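Given next, in structure tokens, is a single chain: the form predicted alone.
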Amino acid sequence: MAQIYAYIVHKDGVADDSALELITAAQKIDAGTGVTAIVTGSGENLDRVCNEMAESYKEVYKIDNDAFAYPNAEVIRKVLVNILPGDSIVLVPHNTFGMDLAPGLSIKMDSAYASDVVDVEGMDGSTLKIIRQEFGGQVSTHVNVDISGGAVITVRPGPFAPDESKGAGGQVVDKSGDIGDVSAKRKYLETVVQEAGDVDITKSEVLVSVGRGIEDEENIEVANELAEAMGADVSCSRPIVDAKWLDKSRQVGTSGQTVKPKVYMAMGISGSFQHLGGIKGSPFIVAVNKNPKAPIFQVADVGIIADILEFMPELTEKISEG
């Protein structure tokens, strides 16, 4: 079995939640193969992340260069081709950066490519059996991937439980001298920070989040009443922002805000990976949706098949009575 590598996404010295989820995904591919973490960056923050990953991974490749102060997929592709064997299996989080990095990396490594994997069924010889989702999560597809020549696989954040066992006592190996050319045709200019809205949902402990199921702008008030009764804040999925019913600052997802509440009430939200990618910290998720096949039910701790316009007022009334 080829060596498995996991690319670690991090920011400001803190590893993304996907870092521990990739361990679980790797173990489902081959429980007997050790997993090596790859951490790129520069300065003290890089060291902090490497040391943290060494608690969970048996080996950590540290790649330190000023060119990685901001992750540039064009450069990182070059580096990974230089330091990894051609038949490697590389796991990358399926986020905006991963979708930039992974396809080109598979081409440069002349290996198989599989994207947005939500589960791994196992191996059959050199064939990896994986599960993806199509049509916004409405259909699960079972895919056979020939990984005899290696593979680059993007793993959806969320479906794989994080491996929090720690205690790996891993070794940090500095690969900075092996990276080769770090020139690039594109370069990082600046980060434009979105203006803060009236509520900072990134700090909310309880969120009542609404999606298409809210049906009309006037019904936002129903969510506001429930949030007030729960001591929560109201957030939403992208369609609500596109309709201009709530401000962009209220949007949860890869193109919106990343939130870490203790409780997340998903009201009429289908549960696309773009939306789920903005939910971190393993909150208690309550999903209410009329569609019993909505993808949100796959990650929810409690799933309720109901019309949110009937459910929310009833829940508000019960909370107010208590």
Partner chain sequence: MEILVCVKRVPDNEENEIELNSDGNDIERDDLVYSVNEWDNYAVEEAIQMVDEHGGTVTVVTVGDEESEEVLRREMAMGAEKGILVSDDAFENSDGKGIATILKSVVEKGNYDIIMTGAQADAGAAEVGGMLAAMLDLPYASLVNKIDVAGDKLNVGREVEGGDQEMNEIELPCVLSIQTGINEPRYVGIRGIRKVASVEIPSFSASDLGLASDSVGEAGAQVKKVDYFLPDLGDGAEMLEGSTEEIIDKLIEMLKAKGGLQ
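Each form is matched to the other, and the largest set of C-alpha atoms that superpose within 1.5 Å is called the rigid core. Positions refer to the first chain, counted from 1. It should be emphasised that the depicted structure is a prediction, and the values quoted were computed from it without experimental measurement.
FYI, the form predicted together with its partner chain isn't displayed, but the following is about it.
- Proximity to its partner chain in the model of the complex, defined as a heavy atom within 4.5 Å, singles out one entry of V182, V172, I220, V143, which is V143.
- Looking at I23, you'd find every heavy atom of it more than 4.5 angstroms from its partner chain in the model of the complex.
- Under a 4.5 angstroms non-hydrogen atom cutoff, its partner chain in the model of the complex has V286 among its neighbouring residues.
- Looking at I131, you'd find a heavy atom of it within 4.5 angstroms of its partner chain in the model of the complex.
- By the criterion of a heavy atom within 4.5 Å, S88 is excluded from the residues contacting its partner chain in the model of the complex.
- The three residues A112, R212 and G303 all sit with a heavy atom within 4.5 Å of its partner chain in the model of the complex.
- For its partner chain in the model of the complex, the listed stretch (67 to 75, 80 to 88, 173 to 181, 159 to 167) containing residues with heavy atoms inside 4.5 Å is 67 to 75.
- Taking a 4.5 Å heavy atom cutoff to its partner chain in the model of the complex, the contacting residues in 291 to 317 are N291, P292, K293, F297, Q298, A300, D301, V302, G303, I304, I305, F311, E314, L315.
- Core-superposed comparison between the shown form and the other one: CA of T154 displaced by less than 2 Å.
- When two forms of a protein are overlaid on their rigid core, residues whose CA moves 2 Å or more are considered shifted, and A229 is one of them between the shown form and the other one.
- For D307, a C-alpha deviation of 2 angstroms or more is recorded between the shown form and the other one after rigid-core alignment.
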